[in-house]
Every structure is written in structure tokens, then in C-alpha cells.
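Quick setup: one chain, the form predicted alone, written in C-alpha cells, and binding and motion questions come after.
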């Protein structure tokens, strides 16, 4: 039994060590940032006229490696047109000639590139053209676009708006999962406490208290890492977002549980009141963090057009770190809960000895 307990503790530490090492050492994959007008003309080989010059800007790209193989394509539904590459300046900057037909089926276009190293990259609505003739029925000659994966070592996926802060996924989200686990333990312990015929403080009451105390630690850490993420992703430490506000209210509700326990002297009354309060607190947690976010607009990933970490963009490179992070943080939270419970039991025994 002792070996089993030691094994899952060592396993939790090993998982978190792997998560931290991978989170801060694996590079971010390549992506497209912008296609902007240079307000000048460019000469394109094979054309008898000058065209508008645009600068294509990437992040973590490798265009200077085999620049002759960089291809740029505009796409709108089934319409595709290739844009000539005038000059590759460096790995992340290239000048593109906007050689397009006079009549377009749309003003807004997606930008795609193909490169042997970076693979196929995509910038949604990366080009918007004013002052052009639009005919939605216009069709262009068929163009075949062959997409291929990046020829790069292990890397995290590039996500617009999120960029390098995607690493916080391994910290912020697993901390909330761990809080859910601990508050779930407290919920079950409170039910068992209310089923006790004696009604006084018992092991279940101590379990509920210890799990809420440790759960609060992870809840506060979740708020702090979320606020840090908001600062670099949304431009503010805190925004009026229903999911953020719900998380804060949940932490405050559980803070009320701890205040309640410290304000009642009678052990029997404290155990019963705390258990009842804890049941309502867990229901509030589920409503604010699991139910309401599904029916409200939010800036969080997966809401309001923001990328969500799902089957579309939680790729194998993220899963290889995210799932161990969830398990590792949960094991750490469970270990902290057991330590806190043992400390509480020890303090209770010391008080009884002193009373004697």
C-alpha cells in the first residue's frame, strides 16, 4: 500500500516536470500575421504592367530557406488565384505582387501559402480590397492547391490572437479541472456528513474542509493565470466576461464557506451548516462554470469566433502535453489535499490533548 501511494506521488511529480519542460522549451509553429499594402508598385516578371506591392508577414516561418518554392494563393470559396512572389526579404517577410483580375467575386479573401518547410499556412480574411469591381457570379480558371504538412520538429500550433500564450493552456485549464475535482470531493464528503446520525464533526467534515481549502488555492491560481492570459490576449487584466465573472463569484462563494466555518463555535452546528452550504456552493459552481457559459457569448476560446481547443486545433502536439498536465495537476492537488487533511486531523488531536 505504501508503495502504491509513493508511486502515484512520484508519477505526479514526473508528469508535471515533463509538462513544465515541454511547455517552455517546445517552439511555436509557423503562422501568417498580415498581408499589408506597401503603397507602392511592383514589377512582376511576365507582366507588361506594374501591380500593387503587398508585404506578407509571418511568425516563425522559414521563407529564406528555398524561397523559390514559396507560393501565395488567394481563396474565396471555390475561387483560387495565385499571387506572384516579387521578393523574399527574410524568413518572415516577403513582397507579393497583387496581380488579380479586374473583376472579383468578393472584396474579402483568405490568404494561403505553401512552403516545403512551413507547410500550408492560412490567414482568414487576410486581404480586403476597396475600390474594386465586384461581380459575385464571376468565376476564375480552375487552380489546384495541394496542401502539405510542415517539415518541422515537434512544435505547438500557431493560433491567431493567442500566439505564444497558448502555453498557458497547460497551466490555466488544468488548475480549474483540479479545483473541480477537489470541490467534488468536498461535495461528496458533505453529503456523507449530513447522513451521519450524530450530526457532529466527523472525518467527512474534515475532508470537506481540507478539500475546499486546497481547491481554493487552485481556484485563485486559475484566476491569476486567466488574468495574465487576458492581459496578453485581450489587452486587459480583466474584462466584463460572463465566464470570468462566474469564476470569480465561484471563488468568493467558497471563500464564504471558509468564513462560515471560522465564525461558528459549536462543532455540531458548524459541521451541519458547513455541509449544507457546501452543497449549494457546488451547485453554484456547476451553474456558473459549466451551464451558463454554454448559453452566453464569451471571449473565451470556442466562443464568439475565438479559436477553441477542440478537435480542430487541439492537435497531437498539444494533446501530448495537455492531457499529462491535467493528470499531473490533479495528482498534485490530491496530494496537497491529503497533506492538509492529515494536518487538520493532527491539529484536532492536539487541541483535544490540551483540553484534557
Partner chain sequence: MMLNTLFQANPIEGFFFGSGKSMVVGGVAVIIIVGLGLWMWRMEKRIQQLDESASQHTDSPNESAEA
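Because the structure is a prediction, the values reported are computed rather than measured. Residue numbers count along the first chain shown, from 1.
What follows is about the form predicted in complex with the partner chain, which we do not show.
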query: Residue (of 114, 168, 243, 81) lying close to the partner chain in the model of the complex, criterion heavy atoms within 4.5 Å; finding: 168
query: The single option of 206, 162, 104, 247 touching the partner chain in the model of the complex, heavy atom within 4.5 Å; finding: 162
query: One stretch from 36-44, 23-31, 288-296, 66-74 that, in the model of the complex, holds residues within 4.5 Å of the partner chain by heavy atom; finding: 23-31
query: Non-hydrogen atom contact residue 54 with the partner chain in the model of the complex at 4.5 angstroms; finding: no
query: Residue 152, heavy atom within 4.5 angstroms of the partner chain in the model of the complex; finding: yes
query: Touches the partner chain in the model of the complex: residue 218 (any heavy atom, 4.5 Å); finding: yes
query: is_contact(residue 229, the partner chain) in the model of the complex, heavy atom dist at most 4.5 Å; finding: yes
query: Neighbours of the partner chain in the model of the complex among 242-279 [non-hydrogen atom within 4.5 angstroms]; finding: none
